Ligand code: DHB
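Listed next as structure tokens is one chain, alone, in the form predicted on its own.
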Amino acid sequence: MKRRDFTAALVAATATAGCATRTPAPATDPLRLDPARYTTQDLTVGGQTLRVRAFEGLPVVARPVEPAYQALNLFIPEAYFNGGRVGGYDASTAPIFLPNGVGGYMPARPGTLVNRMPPPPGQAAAPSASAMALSRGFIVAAPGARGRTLQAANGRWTGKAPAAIVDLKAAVRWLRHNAAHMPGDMERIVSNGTSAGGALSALLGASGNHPDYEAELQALGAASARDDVFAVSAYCPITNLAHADEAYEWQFEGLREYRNVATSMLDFRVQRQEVRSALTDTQMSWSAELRAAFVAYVNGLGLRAPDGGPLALQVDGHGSLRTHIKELLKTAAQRAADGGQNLSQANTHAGVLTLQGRQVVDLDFDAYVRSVGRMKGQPAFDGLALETGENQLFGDARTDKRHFTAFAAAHSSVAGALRADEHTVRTMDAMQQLGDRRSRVAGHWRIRHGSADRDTSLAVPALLAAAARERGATVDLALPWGRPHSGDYDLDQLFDWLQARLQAPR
């Protein structure tokens, strides 16, 4: 069957079967899309109603370990089955939007068309990224993924690294495997995610077809197809975990106090309370050690800024990387001012911004760091007591939690604590994958990390962007002013950016 002849086959398959009512014939290919197994959903975005076919709970591997998570939900505009167009696309040209719902490296079920989080009080619900994508003419393939807390009945852990990225790769392979049996342009797959999901989106774009994952994919019965993607959308990616502790100490140099939010349940209601603590003298000395390691790491990368200048650091932590991030912050503040945001009261009292009217003249990086404040203890990611989600991510089938850096392993407070092997850490590290020429890298990257985000250092997205540029990708990096740790907050701009990339010559 030729790629562009699928419509006739779909019409024939559904003409007498009805929607989601017939018993499918035995299939010789367990990953083959059954075109008759769908329901219809009506979606309203921006006052316009769109009918879509929803193919839900589709297994992406033949031998799943966790079937509820190793699956995807597929949403296709009805127009693509009758020769119609949406947003300028037709059945053969429609791009594929691949949003993952992973947060905190926890398990995520296949996505739906509604927002996962309710809107703030008094505000109307905004369309989800998937709903917006459909309204723009995209097909949505929303995969699930295993996560760090999954455990089988036999006691073995089933969602440790690299399970989540393997499942996302399997979803991409499933799409290409079914290219002749469904609408969509499989050379225009766009990944999207926030936080840990943003890291996985970046990792998917950095590690296309890399052999590191092949054994796991084959063991699960993934399709024999490519898993590279066209573009990456990553909001506040929690990535580069091998050096995230070092980057955190570099940014928050000298800050002892940290403020976090403890979450608990009371009478089935979520209770949040700010918790304040401070680094000890020993931790402050460790902080200086980690900062020095980060300087060496950055200088060893040999990356460059968009203007071609080197991204480097001096022994004192200053240097062109810090200047680059400062300029990104100034640009973000200026965009906020140009958009009508009043910056004077919020910032000048802390000495962060120097303003002349609505013009941002300068930004004091040290004052900015103090105004944002430290959120995490030390180390921020590889906890010495194995207390972080990332420690749990790097467990294995028999071990719930492990260290993943040499520093934390050397200073561990847990007797007999194990350390993840370098291969496993590499499979979760977009930076290392970008530096490996065996991978096929996505050609277009959009990275957003709010200026008020304290979950990881601003150096993490800055270096990620530089590494993607080094591999020849076009990169759009911004640090939206005042934005905390969050995602999908500028969907119109995201899809406008994608539209421009998709219209570029192949």
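Just so we're clear, the structure is a prediction, and the values are computed from it rather than from any experiment. Each residue number is its position in the shown sequence, starting from 1.
There is also a form predicted in complex with this ligand; it is not shown, and the following applies to it.
Residues with any non-hydrogen atom within 4.5 angstroms of this ligand in the model of the complex fall in just one of 70-78, 99-107, 209-217, 292-300: 99-107. Of the listed positions (330, 322, 173, 376), a single one reaches within 4.5 angstroms of this ligand by any non-hydrogen atom in the model of the complex, namely 376. Among 222, 196, 91, 141, the residue placing a heavy atom within 4.5 Å of this ligand in the model of the complex is 196.
Within 4.5 Å of any heavy atom of this ligand in the model of the complex lies no heavy atom of residue 66. Contact between residue 390 and this ligand in the model of the complex is found at the 4.5 Å heavy atom cutoff.
Taking non-hydrogen atoms only, residue 353 never approaches this ligand to within 4.5 angstroms in the model of the complex. The closest non-hydrogen atom of residue 252 lies beyond 4.5 Å of this ligand in the model of the complex.
Taking this ligand as positioned in the model of the complex, the residues of 455-488 that bring a heavy atom within 4.5 Å of it are, in sequence order, 455, 485.
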